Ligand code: GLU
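Given as structure tokens, the chain that follows is alone and in the form predicted alone.
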């Protein structure tokens, strides 16, 4: 059994995040973890991680590893060793047996077939079903006889038929009326504890004072309160956070795109950006602030100000957050990851060219919504364009005059004794002088030149770009663009 001896020394809230390891960490779960983490930090309490791995058929070590890695990536540190629910199984069974001995639970010998038949009949006649308490009424002799026959049985909690109410930290006064919950199964016929029992025992043993979780657990809370009462234990505070919806106002799922922390990480979303954005899905500091560091969020967070209505996850808004965080990064902070990425592509940044490449990183850093987008933009440094945007081709590559301008500037770049792109200033002088010689505007030269060397109609400033790429790449790319244009004309 897990115990936490230092609980009495904690003055703040003791909270937990308790994922089932049956897949990756969903952003809904990540938000729940963040809210609990903030409660612990705000109150000077403890944030605990419990892996609810009692579903042995669906739980996997791979999922456990991914959940833990995703939480570490988000910066959600926990204050005790990870609690594995499966390791507390004997304790769960012990509590169930105590309830049986105290007459608060009873053996139910009803077979699955019998219960299924009763359910079908009740739903057909009344539209609903509750266990009729048949085995509550068995005599001691009948029970002994069933045990002698080795009939399988479950353990059911003897539910009190009364209204159940509590004050939810998010949605306020909450109740269900008497009879809405029937006698809860706490041990299955194979002797294994059910979720409702295991959660209550674990929360009690861990000293949890506040349970903050998704609104889909609301009915579970009523059932768990009954178990707390049967054991004579004080239940924690409960708060139920509305679920996250997609932009179509339906529950967020794979049809909306990425939904797991790992997927967003792979897309190039920064941990701090995702953390900041998820904090604001269902909670607001109340002063229209959006971009906040962790210390600001901890200071302003109040679990009682979590919204009662569902939050809408907007990928565009997340990308906006991420672009702001990327823009705040220094080149030195971001460069190692970029270099590692291009190493995997077999692209090395030569030391003599590193300053120019770093300039390119700085230019694209403020134009990119994700790290993946930034890396994609930076491929312009290593790879000549293989395709050109259709809009640009139609606008700039179909005019004879533009083709001639590209041919002329390529020749002039090659024949100029000194490197015309030795600095940003020299690059600007060269391009503007060329435009004057051709009796045209600089824009008439810049647009087809940009398309030729980048494949796109938009890029950082052309003078910076030609300086960063250098004479050799510029000549080669213009010549390739001319070959492409010639094929168009055939």
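Positions refer to the first chain, counted from 1. Note that the coordinates shown come from a computational prediction; the quantities given were computed from them, not determined experimentally.
Beyond what is shown, the protein has a form predicted in complex with the ligand; the following relates to that form.
The ligand is not shown here, but in the predicted complex it comes within 4.5 Å of a heavy atom of residue 199. In the predicted complex, none of the heavy atoms of residue 265 sits within 4.5 Å of a heavy atom of the ligand. The closest non-hydrogen atom of residue 233 lies beyond 4.5 Å of the ligand in the predicted complex. At the 4.5 Å threshold, heavy atoms of residue 195 reach the ligand in the predicted complex. For a residue to qualify, one of its non-hydrogen atoms must sit within 4.5 Å of the ligand in the predicted complex; all three of 20, 52 and 213 qualify. Remark: of stretches 156-164, 406-414, 213-221, 326-334, the one touching the ligand in the predicted complex is 213-221 (heavy atom within 4.5 Å).
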